[in-house]
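Just one chain follows, in the form predicted alone, and it is written as structure tokens.
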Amino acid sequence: MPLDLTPSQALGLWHAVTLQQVHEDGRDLTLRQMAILLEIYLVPPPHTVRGLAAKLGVTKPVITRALDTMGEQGLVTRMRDDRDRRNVIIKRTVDGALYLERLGDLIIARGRAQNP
């Protein structure tokens, strides 16, 4: 994955991608929600509220609030762990996978347009 961007170019790419996301997608995820979503989709499961809280260095209620919003948007689902009812397992959804695939495509397209 060769990339040769200056810090200014990298920020310009991030700016272009986030602007397009705001214009084209009504979800408007926070940076924390995006970090959680990427963790769920890029790191092999299982994912729990407790594990995500530890990974991000926040409390479980912080993760729960973020998951509430992402669940309403269809990006993730949650279910109790049958083996340990104290744990909540976070699951991927088709909508979440498609959202991140489109985001990846957008980043590639903007990167190519910025750095031909």
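We call the rigid core whatever largest set of C-alpha positions still superposes within 1.5 Å between the two forms. Keep in mind the model is a prediction, meaning the values are calculated, not measured. Numbers for residues come from their place in the sequence shown, where the first is 1.
This protein has a second form, the form predicted in complex with another copy of the chain, left out of what is shown; the following refers to that one.
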### Query
If you check in the predicted bound form, is residue 56 within 4.5 Å of another copy of the chain, heavy atoms only?
yes
### Message
Is residue 65 part of the interface with another copy of the chain in the predicted bound form - any heavy atom within 4.5 Å?
### Response
no
#### Entry: Proximity of residue 35 to another copy of the chain in the predicted bound form, heavy atoms at 4.5 Å
yes
### Query
Can any non-hydrogen atom of residue 42 be found within 4.5 angstroms of another copy of the chain in the predicted bound form?
yes
### Task
Indicate whether residue 9 shows a C-alpha shift of 2 Å or more between this form and the one not shown, with the rigid core used for the fit.
yes
